[in-house]
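Only one chain comes next, encoded as structure tokens, the form predicted alone.
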């Protein structure tokens, strides 16, 4: 049976009320019900029941889901759309070219090519890759102290470690300032989030199991919303998985830190879908940044930016329409005081960077933990007694 892995009770729980529609980015840009959670659920049920064939049109409607899960908090019937679409994407991907995605050696090669192309000014502006260093900075980690408040492990991941290592350094600096011993996960350890998003279930499961094996019972700090959401959904036996801004929000008040005076800079916070819709921890970023900056929210109820793992590459046209709507919402809260747009997910940061209007040239797109580190002066004040992480890969 096609889509046999989908629970029929989950399908039956949808009452087709349509309250999910305003929160679905693909429905918003098409107005087509087959591009909505409600419509996709009906298609899955019909295919599963043998009422319609799994033709190209149905495949397109199902594969076009960004998997932002904006429908989850919007649904009054608590329909588990995530449990419906995940096995569907897995089954569709089993016969697609996407199953070759995300091999680490290919990712290393892509990173090297991207770094060279950027230096030769050959990288297309619309490609969602941030400026990549040819030689990545060595992470500075303070030596462990017996007087600290405990140990946490920073999950380095793959995309974050290769493309956003400055975010890792800011994370280490802030956690150390809060009084925690920070240990790094192994370099190159992937959680499988990108694989799972692309429907490559078996490799994703193996990668997640490896994280669980290595860090069972640990407090795992994650600064990529996509990785954090994936690990939380598969956290049984792993220990505590917590987004870095949520962790800082919980423990900042317990710290004797002098927070100093607030900056005059204004930060517009972009709520990553994986923080808002899956982890439910997006407000932690607002709470923490509000201690140091004036914070503005984007008035679109957290609508997706169109990044969606590899969605912006696989469905470039749709992703462009989605991010254009996001940019319009951001533009509505911009003025001369705004200096930063902050997002806690690398895919979102890359998507916003790749499609930023030219009028945003004075704005910096940055991870919120970098702004916290900057406000605390972590990089300037705490460079002594550091032990180097020998890995440069």
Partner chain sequence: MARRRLSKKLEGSAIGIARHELHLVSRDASNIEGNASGWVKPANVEEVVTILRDCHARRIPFVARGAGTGLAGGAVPTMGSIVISMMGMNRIRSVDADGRFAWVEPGVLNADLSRAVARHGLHFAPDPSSQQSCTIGGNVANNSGGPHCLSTGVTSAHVLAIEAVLSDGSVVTLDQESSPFDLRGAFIGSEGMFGIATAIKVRLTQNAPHHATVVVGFPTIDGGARAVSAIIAAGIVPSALEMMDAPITRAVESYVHAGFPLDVGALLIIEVDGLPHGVEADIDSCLTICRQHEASYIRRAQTDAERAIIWKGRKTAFGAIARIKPNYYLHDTVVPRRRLAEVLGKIGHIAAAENLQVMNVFHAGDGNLHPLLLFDRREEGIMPGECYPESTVLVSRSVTSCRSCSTKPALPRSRSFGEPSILRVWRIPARCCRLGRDVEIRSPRPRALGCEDSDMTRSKGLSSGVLRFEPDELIVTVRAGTTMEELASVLGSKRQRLRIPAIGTVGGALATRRNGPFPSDNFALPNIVLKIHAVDGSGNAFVAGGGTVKNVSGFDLVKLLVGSWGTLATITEATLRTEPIPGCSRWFVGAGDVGALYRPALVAPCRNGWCVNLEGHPDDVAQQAALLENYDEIAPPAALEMIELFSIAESPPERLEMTPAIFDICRRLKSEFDPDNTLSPLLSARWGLA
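Residue numbers count along the first chain shown, from 1. Given the structure is predicted, the values throughout are model-derived calculations rather than measurements.
Omitted from view is the form predicted together with the partner chain, to which the following refers.
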Exercise. Answer with yes or no whether residue 331 is in contact with the partner chain in the model of the complex, where contact means some heavy atom within 4.5 Å.
Key: no
Quiz item: Should residue 301 be classed as touching the partner chain in the model of the complex when contacts are defined as heavy atoms within 4.5 Å?
Solution: yes
Self-check item: residue 49 within 4.5 Å of the partner chain in the model of the complex, heavy atoms
Solution: no
Self-check item: the partner chain contact in the model of the complex: residue 32, any heavy atom under 4.5 Å
Solution: yes
Exercise. Only one of 260, 217, 76, 280 comes within 4.5 Å of the partner chain in the model of the complex by heavy atoms, so just point that one out.
Key: 76
Quiz item: Every residue in 23, 28 and 55 with a non-hydrogen atom within 4.5 Å of the partner chain in the model of the complex?
Solution: yes
Practice problem: Given that the partner is absent here, state which listed stretch (336-344, 350-358, 363-371, 33-41) has heavy atoms within 4.5 Å of the partner chain in the model of the complex. | Solution: 33-41
Quiz prompt | Contact set, 1-17 vs the partner chain in the model of the complex - heavy atom within 4.5 angstroms | solution = 8, 9, 12, 13, 14, 15, 16, 17
